[in-house]
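Just the one chain here, the form predicted on its own, laid out as structure tokens.
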């Protein structure tokens, strides 16, 4: 295994168990590793401090362990078993819920790896070349840990790996091949598009927030913007909404939303879906909505886009404040990791002031417990949300 040596003093963040090593911290290497190769990291005093995956870019090493241990199938089985124990302890693996995140990258001490469970299918996603190269070992470890309850492992990393790595990766099954795509969340059924859908096929991270919305939906006229596959919409339906309108620019998302509504509420006339640009729809809408959900895709995927992202959040929320009925409830979110909680809140507050509406915060929302944040890696807190009462 090749070795990397740090500059003097650059080991301090690693002594605090931060799992990233930046290129500026590296003094020299024993020899240049291939991208994705496992490397050992040493301090300037030649003291072993970590082992991780080497990658090209600002973050040069993603740390797998701070102990001098072998990274093999047994290592992954141990990590996955701990991740499973966490999900069992927080109660997301219930009879009415077979949908949850099993591995959340750094939050589960497996940086660069995401695994979501949909019934008897796991969808695995690599965000680093190192995890891509280890995918077959990880799949074997995953099957051993999950047992007979796991029949399929679908690998979905075509769009999440660095394109410059030229890996020629393709999505496909590493185990099984069952295409039954219906899963269950809190007693509601939905189709999962793990073949071509966003992320792993469904936004598992909004489960708790969808449940909260259900409590507010009774008797309200609900608008679900950026609905994707309609998660918030069918919770609103179950919560007793008077009507639910789902909007997304993608016709495919609208088709999935309608299919999910039909799974749970066949022939229910309260729901209607529209394939249209969000801003255009909100500009011309006439329905007096008194519950609006704004859950857009990430406006800022990196810090260079931060300024424009904040302007986008302000513009979007201002339009919602202008249109929502007095006494209305606004659920508004940002999943942009580059936007912190204070920046997002400032954008929303600016929008409220611009629209001249009196607004109260009812809830401050975040990602659920199966998307844990490593206490040594605060960057893992990416989902931010507010539930607001608008006079």
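Worth saying up front: this structure is predicted, and the values here are computed from it rather than measured. Positions refer to the first chain, counted from 1.
Here the subject shifts to the form predicted together with a small molecule, a form of this protein not shown in this document.
Within 4.5 Å of any heavy atom of the small molecule in the model of the complex lies no heavy atom of residue 160. The shortest heavy atom separation between residue 276 and the small molecule in the model of the complex is within 4.5 Å. Using a 4.5 Å cutoff between non-hydrogen atoms, residue 116 does not count as a contact of the small molecule in the model of the complex. Looking at residue 176, you'd find every heavy atom of it more than 4.5 angstroms from the small molecule in the model of the complex. Screening 124 to 132, 151 to 159, 187 to 195, 226 to 234 for residues having heavy atoms within 4.5 Å of the small molecule in the model of the complex returns a single hit, 226 to 234.
Interface residue among 108, 295, 181, 290, judged by heavy atoms within 4.5 Å of the small molecule in the model of the complex: 295. The listed set 203, 100, 321, 216 contains one residue whose heavy atoms approach the small molecule in the model of the complex to within 4.5 Å, identified as 203.
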